[in-house]
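There is one chain below, alone, in structure tokens, taken in the form predicted alone.
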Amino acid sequence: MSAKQDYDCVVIGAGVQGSFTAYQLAKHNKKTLLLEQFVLPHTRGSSHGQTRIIRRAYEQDIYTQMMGEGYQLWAQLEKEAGVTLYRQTGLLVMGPETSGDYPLVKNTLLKNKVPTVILSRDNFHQHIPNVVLSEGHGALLDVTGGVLFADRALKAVQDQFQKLGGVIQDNEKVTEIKPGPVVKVMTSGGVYQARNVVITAGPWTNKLLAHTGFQLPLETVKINVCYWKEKTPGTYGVKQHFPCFVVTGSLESKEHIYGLPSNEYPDLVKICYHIGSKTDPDYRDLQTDTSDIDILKRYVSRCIPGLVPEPAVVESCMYTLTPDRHFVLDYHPNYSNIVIGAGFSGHGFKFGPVIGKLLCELSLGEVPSFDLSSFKIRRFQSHMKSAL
């Protein structure tokens, strides 16, 4: 056990949100420690994998507006790190034209003046060959949408954090948190003290909050990340300008289905179901439900005829869900020097730079750059319970 070490801030959890928070704190000349329970890089949480979708297409204004800055901050990191982190492909949104999420997304994009192309039934196939647009569905293209290179992005922000003097300690599991004017964080490898702590531990958030006598209404689910083989190589590839896509509802399911063009694995298209079955993050692989894959098989067979309707590769990821599927960005209700970023509900990766900036602002006691009323803990009043 090493001697006690003092920091201005300790960030617990080195996924995308924690890494960007630590990076922002270091930019503000704060002596910052980033703690990670696993050896980096790892595939145990929610930030691994080669790709994520980036988009401004959302039902709610707040997300569309946050991503306006998000794109700028991603570009800034690209410039600082000298690596490409984003490829613009456009994001195709399809769904029931007059109900559900599709009309909300359409209205939000147009209201916020996001470059958008509305596709008609007549010209859809001309622009998007090899996809079947369901009867009664509308289609639009969020022109700004595209692919984020996730693993590369995580490494880039962690490297920049360290260049700024930040310290990363991986393979150190937090064993205790003692709140107070100075927070004491004990790990498997040392004891640390800091005036401020930020918890960004994804599926392990409540296990950490239990040390502070508090719990959030979070649920962890396992997502089957599926890759589907092209019958003719390149048909749905980035070089053929095939876009990322989101289906807001279909014959197969009311839940979203999303996809990315073949790129990371040659001739394999990533298509996933935007929900999964409940799991314990420490026993993720014991969860073997494949009902979501059955739904995807039916959708692929019906609407994406150029793919073999059987996944060629299945990987795993976890979502940490809040009851309303919106983020938690707030102070601990009992300790104002502990900040919580949690519940990113499977759509948080693209927001990493913005969320890092916001959690940094909260930690420094500054007025946040965006209105965070939608992300306050108090909205869960009826769900919340004290830790035993």
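Since we're looking at a predicted model, the values are computed, not measured. The numbering used is simple: start at 1 and walk along the sequence shown.
Missing here is the form predicted in complex with a small molecule; even so, the following discussion is about that form.
- Contact check at 4.5 Å (heavy atoms) against the small molecule in the predicted bound form: all three of Leu35, Ser46 and His347 pass.
- At least one heavy atom of Arg52 is located within 4.5 Å of the small molecule in the predicted bound form.
- For the chain shown alone, Ile12 is a contact residue for the small molecule in the predicted bound form, at least one non-hydrogen atom being within 4.5 angstroms.
- Although the partner is absent here, His42 lies within 4.5 Å of the small molecule in the predicted bound form, judged by heavy atoms.
- Contact check for Val225: a non-hydrogen atom falls within 4.5 Å of the small molecule in the predicted bound form.
- The stretch in contact with the small molecule in the predicted bound form, judged by heavy atoms within 4.5 Å, is 165-173, chosen from 165-173, 189-197, 117-125, 82-90.
- Checked against the small molecule in the predicted bound form, the residues Ile293, Leu77, Leu216, Cys317 give one hit for a heavy atom within 4.5 Å, which is Cys317.
- A single residue from the set Gly138, Gly145, Pro261, Gly202 has any heavy atom within 4.5 angstroms of the small molecule in the predicted bound form; that residue is Gly202.
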